[in-house]
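A lone chain, given as structure tokens: the form predicted on its own.
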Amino acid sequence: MIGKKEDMSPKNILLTGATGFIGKRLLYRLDEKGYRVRCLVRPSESLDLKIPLRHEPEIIYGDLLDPASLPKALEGMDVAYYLVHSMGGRSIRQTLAFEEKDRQAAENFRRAADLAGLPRMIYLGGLGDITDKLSHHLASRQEVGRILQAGKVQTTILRAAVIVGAGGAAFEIVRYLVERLPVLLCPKWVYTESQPIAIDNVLSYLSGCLEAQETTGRSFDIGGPQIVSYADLMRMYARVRGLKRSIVGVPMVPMKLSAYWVNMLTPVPAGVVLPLAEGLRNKAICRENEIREIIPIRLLNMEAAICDALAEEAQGPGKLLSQQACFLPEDLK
């Protein structure tokens, strides 16, 4: 049954993580829907919008690690998106400190939201069974969700695995490796199954939660229509680009060594590759699909998601001018 829709009049939305891979795209989606958006941006960052918005967002400078900067950002807001979560740092050494920072940021935001009387919050977390010896990265994402839901604010949690889109770390790793290497010698973690999802579908779920009352205060798994491995994504990328590639498994490759290897061949820092690789030790598959009934959307196959990402790319390996340049199966065109 399609969920009952709330009043579609514009709401006051606080968007954290507005400069990031998902946050910037969500800003455009919310703007298209007519919502009034306030962006919390760190003083060291700027919101660089290459395509003009219909409505200029309000910019509030603050930092989740600075509790004093949060009350002003939350004042008068109806809903807040919490899209801040570390992937580590540029170096592997920096990744060791991200868990405590994420924990502190979530606790600061929860306390500030409670004091402000914020009605709703929406958080994008990660898939994974807490009993499955989760990687530090996935365990931290789940911990952040628990911290946010422990407050007074009705918090919706969406849990996703790999998100495929232009500029996302997962996609850029696949793109650069497949473009540059005719034979890919891959460690064991590239064969772990997951349920990746296209960035466009993630945005539809995130924005759709504003309009579906029954998502309030609940948690949902979100995923695409296919269960695949990283190796499968590489093969799909090669097919979409019309490239001949061979993937050869290499056992017993230490995680740190594979992270440095990927960093040498791609623009993705080793400190980001490592938590991604460690997360791929765990299967990340939806345990339930109730969100599909509440927010019914067309889920993109990974071939189509890859082609969308390539069409969006402006520079670098894999540049395509449009989807028409992709070698997509006929039923996906």
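Counting begins at 1, following the sequence as shown. Because the structure is predicted, anything quoted here is derived from the model rather than measured.
Absent from the display: the form predicted in complex with a small molecule. The rest refers to it.
K.L.:
Scan Ile157, Ala198, Val84, Leu177 and let me know which has any heavy atom within 4.5 Å of the small molecule in the predicted complex.
P.N.:
When the small molecule is considered in the predicted complex, the option within 4.5 Å is Val84.
K.L.:
Could you tell me which one of Met264, Leu65, Ala68, Ile297 places a heavy atom within 4.5 Å of the small molecule in the predicted complex?
P.N.:
Spelling it out, the residue with a heavy atom inside the cut-off is Leu65.
K.L.:
Give a yes/no on whether Arg120 approaches the small molecule to within 4.5 Å in the predicted complex, heavy atoms considered.
P.N.:
Arg120 lies outside the contact set for the small molecule.
K.L.:
Is the gap between Arg29 and the small molecule in the predicted complex 4.5 Å or less for some heavy atom pair?
P.N.:
The answer is no: Arg29 has no heavy atom within 4.5 Å of the small molecule.
K.L.:
Would Gly145 show up as a contact with the small molecule in the predicted complex if we use heavy atoms at 4.5 Å?
P.N.:
Looking in the predicted complex, residue contacts with the small molecule do not include Gly145, since no heavy atom lies within 4.5 Å.
K.L.:
Counting only non-hydrogen atoms and a 4.5 angstroms cut-off, does Ala161 reach the small molecule in the predicted complex?
P.N.:
Yes - in the predicted complex, heavy atoms of Ala161 and the small molecule come within 4.5 Å of each other.
K.L.:
Heavy atoms within 4.5 Å of the small molecule in the predicted complex: which stretch among 145 to 153, 242 to 250, 162 to 170, 228 to 236?
P.N.:
Within 4.5 Å of the partner lies stretch 162 to 170.
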